[in-house]
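Listed next as structure tokens is one chain, alone, in the form predicted alone.
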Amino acid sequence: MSAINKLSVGIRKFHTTASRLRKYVELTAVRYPLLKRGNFSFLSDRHLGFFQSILSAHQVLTDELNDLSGYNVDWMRSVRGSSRLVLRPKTTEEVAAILQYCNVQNIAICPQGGNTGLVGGSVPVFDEVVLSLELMDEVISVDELSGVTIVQAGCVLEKLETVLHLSNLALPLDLGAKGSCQIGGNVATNAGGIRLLRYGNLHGSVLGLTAVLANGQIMDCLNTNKKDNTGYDLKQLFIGSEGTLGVVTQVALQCQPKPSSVQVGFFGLNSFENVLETLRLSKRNLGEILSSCELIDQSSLECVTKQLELRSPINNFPFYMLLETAGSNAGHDAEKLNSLLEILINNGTIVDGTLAVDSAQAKNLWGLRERISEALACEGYVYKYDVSVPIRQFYQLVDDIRIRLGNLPIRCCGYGHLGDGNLHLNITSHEYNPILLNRIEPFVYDWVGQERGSVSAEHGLGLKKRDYMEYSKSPTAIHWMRRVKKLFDPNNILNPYKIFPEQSSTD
């Protein structure tokens, strides 16, 4: 029996035994019947033989029952591909050899990092070969003087954070999924995180990178200088490109000194007007030490305390805010924060609250915010919307969608990065419900478009949002994005079916 026929038998066996997977994760090709597989080659014994000739045995995974299911399904268990092969290169040169061969053989590739995305961008749609960067996890160098670190794309964010802390440096990125997400995936989706208010997004923190193009050519843009005005800044094209222009294999990051003083407060508020006033005064009074300003609504906190049995330190309120400051002088920082709180309490903006007295309490307070996604997943299927909206309208979308949906969902809640206008709208139901989905979409995107917001704030477009690109980008912008894609990947082998809506014959 050939290797590929053995794979087919394995797939049938997997489909027979994995009843739980079938029940909760429908094949993407079934859930989205209008999607059509591109004219790509089907995997053959000859193809498999080539990959086995350039990679070690543990770098080539073909056992779908024991190895591949985790690569085919997103962490939210909302989409599922049917890849029969996962390749795990260790070097940029191995990535180059894989892509050069796939380009010539017309084999579609799905680059994958930690697979923590929310829009189906990191898993196959059909049978694309998964290119996992998980073995490329080395921290190559850390320069404490300049604050520049060079790291392979597969390095898990939490590992990189630990290494940087040894040199008294802080990552310019912090995510709830830092225990599993990878820096290459963060760059590919231009991840924002909870401290974007302080450090900005990755377009400003990435000094350079190495990427492999679809034809296998290695593009070395691994600059480590703060200033480089030599021609076009090509690295920016790969930040947020979701693996459609090339595969990022190395990243040079500008890191900041690790703050020696961190203050965390958690507060209850009675109205969204109070929320806005707290943000306004926090920016004015805390200035440069304000590192994070997060909003949590009552429904979100109720979910995380109920599902995960976490305890809130204060009583029930319609809204909660988590403020964090980070600086170099504990006394100075505490004085500024206490002065702010005195103003907010005296004018009735904040009703109740608490300040963390040590790092353990600070971690517990952050857990109420960072574990909301985990708690929501306990309720069933989650419809997640990561959007940017004007700060004054930050919560209006949640109110409007609640009225529209009525009793259809289990829960409709909102939380997120208030400081930069990034709202996480979440709706839960016991299982995937197309009727509910049709009530949500395209209403959410219409609403965001009318407010001149963004349909994707920090997780990309992937598969799920590709048809709504036009709500945030002009036809001219989309046209030139397609032209750039065609230039870098003329055969469309890199992460096909993602970002761009299908083109009609008249386009």
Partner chain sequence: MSLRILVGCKRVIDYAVKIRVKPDKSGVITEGVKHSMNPFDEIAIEEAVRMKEKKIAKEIVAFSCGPTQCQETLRTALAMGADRGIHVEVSGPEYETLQPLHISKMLAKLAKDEQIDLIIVGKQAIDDDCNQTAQMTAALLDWPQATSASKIEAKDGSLQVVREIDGGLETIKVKLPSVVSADLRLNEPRYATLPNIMKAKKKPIKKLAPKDLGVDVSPRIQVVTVEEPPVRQAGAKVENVDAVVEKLKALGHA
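Note that the coordinates shown come from a computational prediction; the quantities given were computed from them, not determined experimentally. Numbering follows the first chain given and starts at 1.
Note that the form predicted together with its partner chain isn't included here; everything after this is about it.
- For its partner chain in the predicted bound form, the listed stretch (362-370, 212-220, 383-391, 419-427) containing residues with heavy atoms inside 4.5 Å is 362-370.
- Its partner chain is not shown here, but in the predicted bound form it comes within 4.5 Å of a heavy atom of V357.
- Its partner chain in the predicted bound form comes within 4.5 Å of a heavy atom belonging to L341.
- In the predicted bound form, its partner chain sits within 4.5 Å of a heavy atom of L166.
- When its partner chain is considered in the predicted bound form, F267 lines it closely, a heavy atom lying within 4.5 Å.
- When you look in the predicted bound form, the only residue of D400, E93, D352, E379 with a non-hydrogen atom within 4.5 Å of its partner chain is D352.
- With the partner removed from view, the residue among V262, V139, I410, L308 that has a non-hydrogen atom within 4.5 Å of its partner chain in the predicted bound form turns out to be V262.
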